[in-house]
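Next up is one chain by itself, shown in structure tokens, the form predicted alone.
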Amino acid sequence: MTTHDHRTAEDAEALTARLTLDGVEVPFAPGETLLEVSRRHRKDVPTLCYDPRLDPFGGCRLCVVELEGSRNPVASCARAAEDGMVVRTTSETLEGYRKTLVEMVCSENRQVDVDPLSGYASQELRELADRYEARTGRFEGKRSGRSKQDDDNPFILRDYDQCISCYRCVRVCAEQEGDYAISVKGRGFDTQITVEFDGLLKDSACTFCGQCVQTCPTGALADRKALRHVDTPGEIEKTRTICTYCGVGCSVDVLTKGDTMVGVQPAMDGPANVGALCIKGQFAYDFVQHEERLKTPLVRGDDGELHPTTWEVALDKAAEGFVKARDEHGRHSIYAIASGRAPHEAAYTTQKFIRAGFWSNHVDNCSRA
């Protein structure tokens, strides 16, 4: 995941302290970690347990940097920057540490390559394995984590054979959602991500927001609905838009293959949601391509049944009904409800039609809550 620099001019004035980063003196703000300073200055420090939305954890140790005066490398995600520090983000020794660590992580997983539809961060381990040529297999042996194959919920795949115990899922559920639905049991190779009483997600405090899926760097927690489209032809394309379900205005990336919508991912830089979504925004999109969705307007005939017709005939019929209601019962007899599944342009047009066309404020939306 990437951090996004939203510093203002006032923030820039706070960059009064300075440290030496890879031979160059750079400013930083009080409270910044060495990782934040490094990334802001375009240093490619690798991580696996890090999510910029979460408190530092320092578990994977991939982000270690050399700090002058320190006997051992330090975890940059958890070490606060101090004035006068001399830091090196890369060296032959550091790269050797990182390669070994990635090899050890890969050794515990059933596979490194997972489909990108698994989740937003699902390619992080694969990218690091390629970067450090870590598919050596020299540490292969005992593995930890057992997949929860009996959890038949339709949204989240619990493939714990892919788990590396980074605990990002546990932390995002607690720190961002406040649900505390996911926890950890066991130690060492017996470590397992679980929910209360080692049960099913539907019987836990899980709200199926999908946060755990989108922060998982290995596909251990994956988008089960999106993975139905692994074999759908075409390349994955992302289109930024706004979730239509309520008034919060969460930014989302709609995933498509050709003309087929295959998934939804939250926008990590969305100003209203910063990577968060509810169950509807994350998973409730089947209506878009549902086989029963109407594609032709219908008009009720003299026989009382609905019959397919053209848009011209349907619009004329609707206009006649509006005019008749206004003339017989007054303008306040007309009331409009906009659909939460319709585009924002449709909601705007609906309220404009009622307010400008009939001078009425009798307009509502099914998802206004």
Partner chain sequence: MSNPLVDMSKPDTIFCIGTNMTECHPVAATGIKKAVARGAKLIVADPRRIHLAEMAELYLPLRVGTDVALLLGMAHVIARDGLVDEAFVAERTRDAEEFLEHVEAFTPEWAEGICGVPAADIETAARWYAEADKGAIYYTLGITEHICGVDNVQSLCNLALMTGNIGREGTGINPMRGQNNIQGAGDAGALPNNYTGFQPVTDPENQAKFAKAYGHAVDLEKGMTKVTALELCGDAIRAMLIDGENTVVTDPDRKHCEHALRSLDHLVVIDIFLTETGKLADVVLPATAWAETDGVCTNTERRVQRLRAAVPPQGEARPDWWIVSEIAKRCGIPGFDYTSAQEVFDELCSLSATYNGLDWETIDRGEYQWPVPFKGHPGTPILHQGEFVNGRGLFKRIEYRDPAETVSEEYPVWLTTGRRLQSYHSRTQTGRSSGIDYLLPAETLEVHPDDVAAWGLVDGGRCRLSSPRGAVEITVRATRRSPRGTVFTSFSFDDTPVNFLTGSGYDPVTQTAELKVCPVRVEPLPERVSTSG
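Bear in mind that the values here come from a model prediction, so they are computed numbers and not experimental data. We call the rigid core whatever largest set of C-alpha positions still superposes within 1.5 Å between the two forms. Positions refer to the first chain, counted from 1.
What comes next is about the form predicted together with the partner chain, which does not appear here.
**Study point:** Listed residue (Gln123, Thr241, Thr90, Ser147) with a non-hydrogen atom within 4.5 angstroms of the partner chain in the predicted complex
**Key:** Among Gln123, Thr241, Thr90, Ser147, a heavy atom within 4.5 Å of the partner chain in the predicted complex occurs only for Thr241.
**Item:** Exercise: Thr20 in contact with the partner chain in the predicted complex, heavy atom 4.5 Å
**Value:** Answer no; every heavy atom of Thr20 is more than 4.5 Å from the partner chain in the predicted complex.
May I ask you to state whether Lys43 is within 4.5 Å of the partner chain in the predicted complex, using heavy atom distances?
Result no; Lys43 lies far from the partner chain in the predicted complex.
Non-hydrogen atom contact Asp152 with the partner chain in the predicted complex at 4.5 angstroms
So Asp152 counts as contacting the partner chain.
Next on the checklist: Please determine whether Glu345 contacts the partner chain in the predicted complex, using a 4.5 Å cut-off between heavy atoms.
Outcome noted: Glu345: yes, in contact with the partner chain in the predicted complex.
| If you look in the predicted complex, which residues in 327-342 sit within 4.5 Å of the partner chain (heavy atoms)? | If the 4.5 Å heavy-atom criterion is applied to the partner chain in the predicted complex, 327-342 yields His329, Arg331, His332, Ser333, Ile334, Tyr335, Ala336, Ile337, Ala338, Ser339, Gly340, Arg341, Ala342.
Margin query: Once both forms sit on the same rigid core, is the C-alpha displacement of Glu345 at or above 2 Å between this form and the one not shown?
Written below: Moves: yes, 2 Å or greater.
If I superpose the two forms on their rigid core, does the C-alpha of Gly69 end up displaced by 2 Å or more between this form and the one not shown?
Stays below the 2 Å threshold, so no.
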